[in-house]
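Have a look below at one chain only, the form predicted alone, in structure tokens format.
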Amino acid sequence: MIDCEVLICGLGPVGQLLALLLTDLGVSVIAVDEADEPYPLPRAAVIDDEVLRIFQAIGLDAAVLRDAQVQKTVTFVTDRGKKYEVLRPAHGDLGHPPLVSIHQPSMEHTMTAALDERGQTDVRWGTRVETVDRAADHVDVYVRPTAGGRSSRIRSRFVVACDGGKSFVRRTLQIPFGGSTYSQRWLVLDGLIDKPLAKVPHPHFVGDVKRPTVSLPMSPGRHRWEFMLHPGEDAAPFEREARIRELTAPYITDEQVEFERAVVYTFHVRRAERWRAGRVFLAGDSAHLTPPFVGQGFSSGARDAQNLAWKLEAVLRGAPSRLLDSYEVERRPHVTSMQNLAVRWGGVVQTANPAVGRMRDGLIGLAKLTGVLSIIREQVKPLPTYGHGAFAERPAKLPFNRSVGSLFPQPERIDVQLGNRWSVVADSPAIAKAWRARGVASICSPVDPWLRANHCEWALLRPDKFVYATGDAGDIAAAAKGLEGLLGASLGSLVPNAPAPSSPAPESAAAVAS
């Protein structure tokens, strides 16, 4: 007897988000975590517009933003104290602010409250995973109450491990977790403030070669500092009140600050050797760890959750199982690019050699004079595109040339009209009608700039809003046939009004373009 369709091991923010996405798709979910409640202290500091768009898909974007602070600029301060604007995330194409500071416990409270309100996910706090036993058509996971008691079995069609960098599930499956650990340690301070810091109204990266520093406004009423520790320095004195006050004094005027946490972290750059073992998947920190310098830790995990959720539902409803191979095919290169960006920016910030610091500051000044800095600060984050995966055709080699494989923009919150299913944006009523006749939800946007820029009359979007196919009126039949091959027997449930497939789609018809 199957207890659930998907078992989620780990109820951190990625596990919570995945549970909500799956629940809203009608998938039966059990989620377990050995803790008795969500972690009460802040860890992740920022999210981006892609993640807010995912929250929009589950109706929580407004609630998350209520406990957050939009950041409109980011400053780098040279070793001599000169300030440069290095990032200007004031607007984006996805319908949300591109950079937002969060209070993770508040964000998690929003998600867990939504799970409780929906009342469809079986959430089991205080439950430890002890054994993972894989079979051909299911997974048996044996769990035990953390407080003690008898072991019990949960039988699930699929398991997703969201249980963090020390993932028990990943270790049980003996999946190597390769990569490296930063030699530098960082002191992280979280403070409660009575008003915003006048000297640090937005994120500052301070390139002081004597003590590289990050100063970041968090959600309203909170501020974070990060100070690099040099090799050989004893961490213990840095966690004492007197030293904390000494380090933060240059950033504080008349504001009152109460420190709620001081902890020393060592950052990692790691990726699991594989993210799938049969019916078990890794997501978030269990699959990859990223340094915090560009705030992409939780954001990368949130993208994992959205990418995996709709594919799990499709396979559970009859799509060829090979569709699930595209999860890692799509997500791993994007995660790697985010890790590389974090490492590069971390190298800029962590410079402790005075000569290298002078060279760095000179190059930033030169970039400012030549206009290069203006280009970088508008386009610093890699484009949200996939070069391989579940698409009608292989995406273009260069990211900036991609239409298929790219994340469709969201002018005027069109996702509200499109919903969380397969959908089409068309440039004429006739095209929209032709797609509706094939059962696909369609909207007409006759002056859509994306369609015009990519010289097409329609774009067929996956549930995660990545472009599966594009074309004109003559290409509709071929794209619909490709969709039939991708979804197979699940077509009728995922595209309810679609015509019946002309013949059963074989396993090999699952389109994972490569």
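For every residue, the number given is its place in the sequence shown, counted from 1. Quantities reported herein were computed from a predicted structural model and do not represent experimental measurements.
FYI, the form predicted together with a small molecule isn't displayed, but the following is about it.
At the 4.5 Å threshold, heavy atoms of G297 reach the small molecule in the model of the complex. The small molecule is not shown here, but in the model of the complex it comes within 4.5 Å of a heavy atom of C162.
At a distance threshold of 4.5 angstroms between non-hydrogen atoms, D49 is out of contact with the small molecule in the model of the complex.
When contacts are judged by a 4.5 Å heavy atom cut-off, A489 does not count as touching the small molecule in the model of the complex. Using a 4.5 Å cut-off to the small molecule in the model of the complex, each of G15, A45 and V188 places a heavy atom inside that distance. Of the residues Y251, F238, W345, Y265, just one reaches the small molecule in the model of the complex with a heavy atom at 4.5 Å or closer; this is Y265. Here is the short version: of R157, R276, H202, R128, the single residue with a heavy atom within 4.5 Å of the small molecule in the model of the complex is R128.
Heavy atoms within 4.5 Å of the small molecule in the model of the complex are found in one stretch of 80-88, 113-121, 325-333, 265-273, which is 265-273.
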